[in-house]
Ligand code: GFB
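First comes one chain, alone, set out as structure tokens in the form predicted on its own.
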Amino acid sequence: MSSNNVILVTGGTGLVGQAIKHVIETEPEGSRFAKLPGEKWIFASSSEGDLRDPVQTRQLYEKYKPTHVIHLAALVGGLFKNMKYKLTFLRDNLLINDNVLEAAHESGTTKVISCLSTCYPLDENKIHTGPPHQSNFGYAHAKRMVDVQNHAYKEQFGHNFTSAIPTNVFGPHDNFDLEDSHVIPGLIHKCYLAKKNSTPFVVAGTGKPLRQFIFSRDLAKLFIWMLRSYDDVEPVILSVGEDEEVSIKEVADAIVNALDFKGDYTFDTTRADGQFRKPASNKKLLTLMNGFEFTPFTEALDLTAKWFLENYDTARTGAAGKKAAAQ
């Protein structure tokens, strides 16, 4: 990569964007994940332009003239929001992805890395095998289409557009909104409020579903590796191994320990569990990188909980969280 590259990160103020920013600012010179001399990184937020709008997307590219794009912007949400707003998740994400890729094509951007979804069992060869899970088919179908578009841009124009497939991400700067979060930040916030208000900590579901969770700062390093070293149109799964699956009960147990919660702790088995497993193989990634050392789950969760406690006043906690905290 050239030292005068401009890397635009869409969704740059979100969970993964902030993790990439952290790595770029803290990795020592000479590290394979460090910022290169003369390189410029732009972490764009939705306030700079609505990527559902092609005009505003084009204006963002004209403003920064990126040579490379890490495309993280998306409409995302937890299980229950995905189930309720399937059409919204489908349409908004289709528009965002189409506008980002077309603007990159029009402006001569050298490389784009987008995100796919692990909302269906897969290795890299099974992205389009069978339908996604019903609980979030809108989001999953929209993300699946990015791979189709990447191949079409490659075949018609020769563009270096590719995609990453992260598994369940968590870490500092996550969305801790009680009504709109993924499982780990949502449970951290619920446990915090239960401790603060001396109320029971109730986890939705049985606790039995299994997930491969990846720490956001580990994922950030993998995105930087892709930016530097991976130029194939075929996607790469960015994940811990299948042998590192963690149950939701194990997650909740770890949160109880991290927050030193001593109160009543139960599972509401009348609530939906969602998909039982979302297995994803990371063999291709580890082969290409010649190995990678992931942060142990409990260590990463402790760091996330610590960040949440230290940044509660400015974290994304939502209206319901603020109301509960004020009680």
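Numbering starts at 1 and runs along the sequence shown. If you're wondering where the values come from, they're calculated on a predicted model, not measured in any experiment.
One more form of this protein exists, namely the form predicted together with the ligand; it is left out here, but the text below deals with it.
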property: One stretch from 229-237, 152-160, 102-110, 179-187 that, in the predicted complex, holds residues within 4.5 Å of the ligand by heavy atom; result: 179-187
property: Non-hydrogen atom contact T88 with the ligand in the predicted complex at 4.5 angstroms; result: no
property: Proximity of W225 to the ligand in the predicted complex, heavy atoms at 4.5 Å; result: no
property: K278, heavy atom within 4.5 angstroms of the ligand in the predicted complex; result: yes
property: 4.5 Å heavy atom contact, D273 and the ligand in the predicted complex; result: yes
property: Proximity to the ligand in the predicted complex, single hit among A204, A142, I127, I255 (heavy atom within 4.5 Å); result: A204
property: Contacts with the ligand in the predicted complex - residues in 157-176 whose heavy atoms fall within 4.5 Å; result: N168
